[in-house]
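Shown below, as structure tokens, is a lone chain in the form predicted on its own; questions about how it binds or moves come after it.
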Amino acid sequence: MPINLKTAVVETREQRLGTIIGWDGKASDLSHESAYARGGCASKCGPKARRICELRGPFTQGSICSEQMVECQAGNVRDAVLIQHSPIGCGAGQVIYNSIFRNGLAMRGLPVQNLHLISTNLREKDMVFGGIAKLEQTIRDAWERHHPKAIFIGTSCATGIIGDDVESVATALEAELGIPVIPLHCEGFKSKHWSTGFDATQHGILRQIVRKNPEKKQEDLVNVINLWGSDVFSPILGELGLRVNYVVDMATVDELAQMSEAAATVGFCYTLSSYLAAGLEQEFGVPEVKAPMPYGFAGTDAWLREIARVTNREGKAEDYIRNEHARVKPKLAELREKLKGKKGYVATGSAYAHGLIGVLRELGVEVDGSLVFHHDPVYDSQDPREDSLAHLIDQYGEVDNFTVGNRQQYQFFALLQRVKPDFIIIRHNGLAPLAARLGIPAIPLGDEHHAVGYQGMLNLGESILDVLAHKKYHQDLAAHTKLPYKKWWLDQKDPFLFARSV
């Protein structure tokens, strides 16, 4: 099923891709159940979504939602405003996202500024009589205060319950103000995983911001779909004579609009880039680079060669690959010697985790366990070259304890006890304190580009050495702290015990 831009509401990942948030077993078993690059479909595939048996627990201890991902994407467009049509509590993330946004701008050498996020602050009265009047006034306030080039409207569980007609207000105000006013339907209860919020933002951008009929193509411009990471893609793609158009976070509205003029689209993680890249190819003819992600030698080589093929720069790519191999391999050998016998554990989003495990294996680090926060059995292009899980297994071997789980603290203890790693790599850092209480140091990858490409292998190796130097501190911490769980639960070996019992 193609991406449908005729409606303002994005299909959820469950509907579109078959996304799950509960699974436990070997990575190879999950790959075969997904039936993506493996061929055949014993899991009763539909025309697009794959169906995988999912472990469903009776409760959720805590997570985040789609609206927060809209907050960290649409809210990070520099000359736009995001209105959160919600109770004020849904805007609690504005504090941390503002800090991340400012740090990201500083890393990129861009002018540092605050986010432009406004909440309509829905209250009990609004839940009875509706919040449309508040929304209309907030849009006018956003225009008067900031004169943005676009206004995004993020919905919430509250607006989904009361049924506010957000689209009618957006359409009327867009005509009045003369700028895109973009409804983003991201009610938290609509999807079981927050990654649908990425798609909601990208859906709105594809519908109302991307230039429909560009007069020209910029043959040296490549869209790079990213979050807030440091600028590692400019020097890499610059070796091929290409320029980078970073989207969505920290882009301007004009930079989003020019995505249709680019020669190609790439990303550092298919979880984030799948929808936007597929939409740009389908609607605007901008090729999505279909290759493994740029992690480790195999992934980075294939990624660069496919970019070069799409942009007709094969000679430059081969020169760069040859030079980087020669530069990196001696340093990588030194790191492997220092990291011999060490065991790591990865707890991040799904496609990103697949890439990081590959880098750890390049470093000679043992990895026999990982927690991914969700699993997409297929990505929007359905091209088997983008099957990041199959690439991991084929290039780097099995992961015996491969878990899909939605960041549940109560499960994480048993997961770590299975493999007893020397360190963990983590994003969405809420699980890191629990690891510290067990004497396990964590590398929080605030810069998501840290492990990208050839230099990324060296970067991650150095970070592991740095964190292992603090091992004694974490062991002391473990000796003087107590976990908030009963002994009965701590003695259980199966982190999905409750899911198997219902």
Partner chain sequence: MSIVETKIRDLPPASLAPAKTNSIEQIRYGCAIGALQSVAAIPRAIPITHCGPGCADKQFMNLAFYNGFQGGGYGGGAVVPSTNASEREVVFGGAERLSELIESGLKILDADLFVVLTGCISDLVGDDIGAVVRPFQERGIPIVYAETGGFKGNNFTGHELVTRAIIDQFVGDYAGEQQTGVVNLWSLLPYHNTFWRGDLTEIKRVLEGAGLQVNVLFGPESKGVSEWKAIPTAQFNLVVGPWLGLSTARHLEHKYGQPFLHVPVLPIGSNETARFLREVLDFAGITAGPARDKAEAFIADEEARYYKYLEDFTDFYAEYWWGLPAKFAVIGDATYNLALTRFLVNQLGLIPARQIITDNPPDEFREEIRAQYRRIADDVATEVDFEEDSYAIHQSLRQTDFGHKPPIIFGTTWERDLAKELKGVIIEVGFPTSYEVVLSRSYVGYRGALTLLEKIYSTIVSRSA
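Residue numbers count along the first chain shown, from 1. Fair warning: this is a prediction, and the values are worked out from it, not measured in the lab.
Just so it is clear, the following notes concern the form predicted in complex with the partner chain, a form of the same protein that is not shown.
Please identify, from 383-391, 313-321, 428-436, 246-254, the stretch that has a heavy atom within 4.5 Å of the partner chain in the predicted bound form. In short, 428-436.
Of R361, R102, K420, H325, which residue is found within 4.5 angstroms of the partner chain in the predicted bound form when only non-hydrogen atoms are counted? The residue in contact is R102.
Note which of A27, C65, I464, A35 lies within 4.5 Å of the partner chain in the predicted bound form, where distance is taken over heavy atoms; exactly one does. Contact with the partner chain in the predicted bound form is made by C65 alone.
Do G89 and the partner chain share at least one heavy atom pair within 4.5 Å in the predicted bound form? Answer yes; at least one heavy atom of G89 falls within 4.5 Å of the partner chain in the predicted bound form.
Is it the case that P148, even though its partner is missing from this view, gets within 4.5 Å of the partner chain in the predicted bound form, heavy atoms only? Output for P148 is no: heavy atoms all beyond 4.5 Å of the partner chain.
Contact flag, A302 vs the partner chain in the predicted bound form, heavy atom cut 4.5 Å: Taking the distances in the predicted bound form, the answer for A302 is no, it never comes within 4.5 Å of the partner chain.
Indicate whether the partner chain has at least one heavy atom within 4.5 Å of a heavy atom of I161 in the predicted bound form. Contact with the partner chain, yes.
Contact set, 102-141 vs the partner chain in the predicted bound form - heavy atom within 4.5 angstroms: The stretch 102-141, when checked against the partner chain in the predicted bound form, contributes R102, N103, V112, Q113, N114, L115, H116, L117, I118, S119, T120, N121, L122, R123, E124, M127, K134, Q137, T138, D141 at the 4.5 Å heavy-atom cut-off.
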